[in-house]
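Taking the form predicted on its own, here's one chain by itself in structure tokens.
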Amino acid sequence: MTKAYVGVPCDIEALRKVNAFSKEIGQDWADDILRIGLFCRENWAYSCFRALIEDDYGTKMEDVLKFDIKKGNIIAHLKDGETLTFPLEKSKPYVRMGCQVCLDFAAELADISIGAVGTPAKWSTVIARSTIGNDIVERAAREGYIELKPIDEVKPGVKLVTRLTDNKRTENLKEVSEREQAGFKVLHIKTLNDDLDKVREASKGKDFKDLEFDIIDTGLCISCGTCEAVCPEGCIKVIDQKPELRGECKKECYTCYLCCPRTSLPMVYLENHVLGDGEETKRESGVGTYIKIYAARAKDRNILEKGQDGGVVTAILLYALKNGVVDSVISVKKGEDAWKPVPFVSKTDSDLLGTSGTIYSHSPSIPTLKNDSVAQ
């Protein structure tokens, strides 16, 4: 294990798909990674989220100390001690189009999935899905970085995760149906039960122009940056959340189309082959495959206060970084423009602590992971 990557469910899906085809595309940078997935109902492009906060509610982004989403509301904690609270429903017009056809709430292909759902304030639900994921969670607890409780000891527990997953799937499948009735194909939904051979055959002969026609121009793109990362010619760049061709595709190359998580997503295959089916593994609808589910929070007071919902992500990653489990962490942090997320590579404790807190906008960080891996 050399790298840790923190992303939302669609980012994790993308990495698992790249890993599945790593030998075929001759790229192994996505193989040896600890994948931490964040629960995600939806998110917003930065420009849209800023417009919502500043134009609709008259609050400057630079005046916000921290954002939370609680009980159906977006809460902005301001630097002067005041709060701005408004219904999450008001943000719906600003949600990225690609989020509206995603069926994964709890990052079901991650090694460890984390979110502030089903636990009390300052705690998070932690779903350890893989053997390495569960091992790291338990070691972080033994070494005093986090406090763990069985999820059954807190209320409402995992039932709320299941309910939110079901709600997301129901709502977004309705969106899929409406788009298809309007003549737009939502390709990845039709491939959830496909194997790799079927995915491969469907991708052959398709290059960036096909990716643009099928995914980017139809609002399915999730701006994960996978196409940029895997392009063997380095001629795809994500500019302002949109992939663009800045050169010529290599003849007969279909790498970007093959690896995109929205051209196809063999979810059942990936779940079975990535997370396994050993005796310790369980599976529940709405939760996914897992080994154990915990309620957790950081023990360090500074992380507990600065981090989001108990600072569990930061605390687990701090354990992994300080104990040599990983040599770097790829996540996002606030850039120079207030609350605009930028990809960031943490290699020290102070680097990592500077990324604490959730940013409810998206930034393509997979190319940063690839570049950091290749640079080693």
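Fair warning: this is a prediction, and the values are worked out from it, not measured in the lab. Numbering starts at 1 and runs along the sequence shown.
Just so it is clear, the following notes concern the form predicted together with a small molecule, a form of the same protein that is not shown.
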query: is_contact(Arg41, the small molecule) in the model of the complex, heavy atom dist at most 4.5 Å; finding: yes
query: Contact of Leu109 with the small molecule in the model of the complex (heavy atom, 4.5 Å); finding: no
query: Heavy atom of Pro367 within 4.5 Å of the small molecule in the model of the complex; finding: no
query: Interface membership of Ala4, the small molecule in the model of the complex, 4.5 Å heavy atom rule; finding: no
query: Options 286 to 294, 247 to 255, 186 to 194, 302 to 310; stretch whose heavy atom lies within 4.5 Å of the small molecule in the model of the complex; finding: 302 to 310
query: Candidate from Gly115, Pro261, Pro243, Gly133 lying within 4.5 Å of the small molecule in the model of the complex - any heavy atom; finding: Gly115
query: Residue among Val325, Ile53, Ala45, Val332 with a heavy atom within 4.5 Å of the small molecule in the model of the complex; finding: Val332
query: Triplet Thr314, Gly357 and Tyr360 all within 4.5 Å of the small molecule in the model of the complex via a heavy atom; finding: yes
